[in-house]
Structures are given as structure tokens and as C-alpha cells.
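Here you get one chain, nothing else, as C-alpha cells; it is the form predicted on its own.
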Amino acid sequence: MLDAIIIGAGQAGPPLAERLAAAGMSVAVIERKLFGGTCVNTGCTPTKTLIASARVARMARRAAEYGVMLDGPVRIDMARVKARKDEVSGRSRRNVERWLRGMPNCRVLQGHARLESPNSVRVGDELLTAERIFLNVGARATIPDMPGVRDVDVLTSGTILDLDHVPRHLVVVGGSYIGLEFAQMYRRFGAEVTVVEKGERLIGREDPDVSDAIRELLEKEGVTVRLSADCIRFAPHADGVEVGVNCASGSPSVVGSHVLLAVGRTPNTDDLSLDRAGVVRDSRGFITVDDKLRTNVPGIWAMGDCNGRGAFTHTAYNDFEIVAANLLDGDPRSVDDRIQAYALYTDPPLARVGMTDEAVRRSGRRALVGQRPMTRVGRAVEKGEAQGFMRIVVDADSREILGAAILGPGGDEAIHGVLDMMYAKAPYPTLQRAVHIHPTVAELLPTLLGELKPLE
């Protein structure tokens, strides 16, 4: 019998294997597809590599604004763009596999794992048993049962990465984080792009002014946005795919050469035979866990996207830290201590921590807010990238920092100053009195806190 079986080699699995193996435990890691999971293969690494290429294309077209003169139009060699992405992603994947295979006390198996009992897992013809089982199986792009979706070719956030050419017209169904990153990216590569969103605004979980600002920057680059799409449907067309929209205004449909479905993620829990071990899932298929990431079955944990407690690489890695701290370090860490933080990697990026303004209002707290447009942030103006704004919200009574949003250049880095203060449970005057480096975006955080006004 093994000490531990880890199913899935995504962000949480390999570091946990290393910690367990270093503690003298015998470990088996099972991966049925690609080492590194979503982040390395179809998520962060490949998409941010493509976004980097798209930004270079955008800046090359803007070169004359900076007094830099280029000869001739900017051309996109999508095959070379893809090759660069494949190399970056592939190198990361190979490094993860090499790390695992060279790990003492760790055996690596490739194949489809299925639970047969609370302490046994079958991989092909082999049955493994262990005192502990850790599920790190991730999630995949959702393909909903929309009318006509089975009658046409559609792309997902995974399969679109295989394109070695620029679509003539990319229709993105879904106006949230994944869809908007691809929309801007392919517009910068030269495609006509239309975003079709069922809701009344983009990224509906954000405050309305954030949604409006994101829409404005996308439309400024030529992306068409269709909202209130109350009857999305698909049909073959001589020029590609006809996507029914039925919006309150505009054409009732749009024809694209390619369609990207970006409408959510589905946990990879439907073919693990979890029922044989008695592991409970919720109505959406996510494995139910407690604050220590334990399932309802003693000796089985679930980490990463499959547990529904986070949908990001950083939360998956934090899941590993929580499990390891409780099992090995005598440190009672909890997922409930985690502060919500994430970024939308449009250019400029949107970074978010803590509560939105709307959530603060609903809480009934007496709150103060500081806000500044990027047109009044020297670093953004100097770079010629003064779209967006920065905002911070605090509790007027406890002086606790409740949340912040930065839409602007470097916002994904600058936001961490706020996040660190929140984890330290420091009152906002601590950050307000900090002396930051000039010229940066982060230097305006103390300024915002000196200009607080009641949140209406």
C-alpha cells in the first residue's frame, strides 16, 4: 500500500507530491493527458504568451505615436506566433514531467484513473491502494446545449490554441474573462471580432463602471460588442457559422468564419467513478470539500478547479499549501482565510481584490472610496496608456481595506500592495503613509487613501 495517490498533475499535485515524498512517504502521481494541467497547456502560459505577441502587434501599429517610424504595414505570421506559444508552453510541460519523474519516492503513471473504493484507484489494469487520495483533476471548457451547437464547428479556449492562422471574423460567445482576452488578442492579430454576451453588460460580476470601461477599451480597438443576447443559437452558413443573437438592437444574427465558446468551465469529475468511493459532488459537478479541502470521505481531498473553491492557478497552488500545512506542518490553514483576488488580462489589465463596490453596499457597511482616472496617473500618461482608473474602498469605522480595482498599465502588479495590507489586517492609514517609488502606478495608492469620500 502507498502512502498517497495524487490524481492529476496540475498546479497543486506536483508540489504536494514533492512535500509528501520529502517527508518519506511513498507517492504515486497519475496523469491521463498533459503534465502541468490547464495553466501550462491551455490556460495561463499559452494565452499570456499569445497576449504578449498581440501587444507587440498593437504597439508596432502605434509606433508613430511615440516618434518611432516603421516601414510598411505590420504583418502577422500566425504560424510563428503559434510556434512561440507552443515552445513556451511545451517547455513548461516538459519541466513539470521531468520534475515528477526525477522525484525520489514518487512513481508516475499515465492513464485514466478511476476510484474503486475510498482507498483504491485503478489505472488501466493496475490497482493501486493508498491511505490518502488527493484529487487534482481540474476542469475543461463548457460546451452548453445551445440550439444548433452540435451542427457547427466551434472552438473552445483549448482548441483555439491550435489555430495557425488569423480568422477572418471571430465570434466570441461569452463576455467574461476568457472570452474578452481572446477577443482583444485576435482583434490585434487582425481579425474582425464580435463578442456576444447574454447579459446586459460584460463581466457581470464586476461593478458597472468597470464593465463599461472594459467595453469602451475593446470597442476603441474595433471589437464589436453585442449584449442582451437572449436567444443564442448556431447554424451552418456559406461563410462559416451564423450565430443568432436577438439583441434589443442591431442585426438579429452575426456570421463568423470561426466561433469561440467561452461560457464557463466544467469540472473533470464525471468519469472518476467517485460514487464507488462515496465522494459527494454538488449540482454542478464540483467535489464538495470543507475548509481544509477534505471531502466527505475520510482520507480523500480535492484540490484546484475541481472543488469549486477557486478557479485560478494561484488558488489551486494555495490549495496545495493548505493541505500540506495541515498534514505536515501542524499549521491549521483554511481556505476560508483566502482573500479573493484575480486579474483580467486584457491590455491594460484589470486587477481585483476583495469586495466590489456593489458587494460593499449590500453589506450595509459605512464605507469610504477613493478613485482616480488613469489620465491623472503620471506613469500611465507617460506610457501613452491612460485608459482606465484605480479605486479603493475601506470600512469607515474599522478602517479595514475592503477591496480595490485597478484597470490600467501594471495594475496586475500594483494591486498586490493592497492585497498584502489586507492579509496583514493593517488599517488603511498604514498604506496611506507608505512612501512609494515615483513614477509608478502603485504610488497613487496612498494618494487615493488621502482622498476618500463616502461610498454612495
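Computed from a prediction, not measured in an experiment: that's the story for all the values here. Don't overthink the numbering: it's just position in the shown sequence, from 1.
Below, we turn to the form predicted together with a small molecule, even though it does not appear here.
Although the partner is absent here, S53 is not a contact residue: none of its heavy atoms lies within 4.5 angstroms of the small molecule in the predicted bound form. Put simply, L444 is far from the small molecule in the predicted bound form: not one heavy atom of it is within 4.5 Å. Contact check for F189: every heavy atom lies farther than 4.5 Å from the small molecule in the predicted bound form. In the predicted bound form, none of the heavy atoms of A426 sits within 4.5 Å of a heavy atom of the small molecule. For the options I178, V360, V81, V369, the one in contact with the small molecule in the predicted bound form, meaning a heavy atom within 4.5 Å, is I178. A heavy atom within 4.5 Å of the small molecule in the predicted bound form is found for exactly one of L218, L272, V279, L293: L272.
The stretch that touches the small molecule in the predicted bound form, counting heavy atoms within 4.5 Å, is 106-114, out of 222-230, 195-203, 126-134, 106-114.
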